[in-house]
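Just one chain is shown here, as structure tokens, and it is the form predicted on its own.
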């Protein structure tokens, strides 16, 4: 994540960061924490992205969209690298991204990823529609591998849960 960026890098970052995730179109790749870095040298812009998992089918679309966004911002020479280490974690997702997920009807990750030590276990997942904690997992994989399919016992609506990893 970029913490201090100059004006030109900030401009390139904003262009790349606005790219929307093709699987969850309410999120940008910045919301997801997929955009890792942007560098600019003259009219050359280079971005690095980390997919939500190594086999993510959306990574090629994201790579092309980031390259198009940087070209659209005026950079003539553009490259987008896919960086697999360190592996992406839901801990990189922004609070704004989690709010957008909830408003879209997808339960955001309910905890922090285990990097070492004890493995956290989620006892319940809050329904993004009614807020009930009376939910159950129907399938460990939802509409994408990043999500599980849940059902709310209170409002009876099924919903995706963005799994912690």
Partner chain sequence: MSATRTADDVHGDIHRDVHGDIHGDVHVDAVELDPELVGAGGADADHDVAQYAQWLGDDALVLAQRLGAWISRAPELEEDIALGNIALDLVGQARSLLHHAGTADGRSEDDLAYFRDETEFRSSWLVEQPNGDFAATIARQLVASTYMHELYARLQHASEPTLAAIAAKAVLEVAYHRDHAVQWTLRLGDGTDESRRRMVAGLDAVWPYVDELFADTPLIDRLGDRAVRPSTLREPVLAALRDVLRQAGLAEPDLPPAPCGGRAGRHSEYLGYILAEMQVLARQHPGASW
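Note that the coordinates shown come from a computational prediction; the quantities given were computed from them, not determined experimentally. Residue numbers count along the first chain shown, from 1.
If you look for the form predicted in complex with the partner chain, you will not find it shown, but the lines that follow are about it.
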Listed residue that, although the partner chain is not shown, lies within 4.5 Å of it in the predicted bound form (heavy atoms), from 101, 127, 70, 38: 38
Tell me, yes or no, whether residue 135 is in contact with the partner chain in the predicted bound form, where a contact means a heavy atom of each within 4.5 Å. no
Report whether the minimum heavy atom distance between residue 88 and the partner chain in the predicted bound form is within 4.5 Å. yes
Evaluate residue 59 for contact with the partner chain in the predicted bound form, applying a 4.5 angstroms cut-off between non-hydrogen atoms, and reply yes or no. yes
With a cut-off of 4.5 Å between heavy atoms, is residue 108 one of the residues that contacts the partner chain in the predicted bound form? no
Triplet 82, 139 and 164 all within 4.5 Å of the partner chain in the predicted bound form via a heavy atom: yes
Go through 42-57 residue by residue and record those having a heavy atom within 4.5 Å of the partner chain in the predicted bound form; state none if no residue qualifies. 42, 46, 51, 52, 53, 54, 55, 57
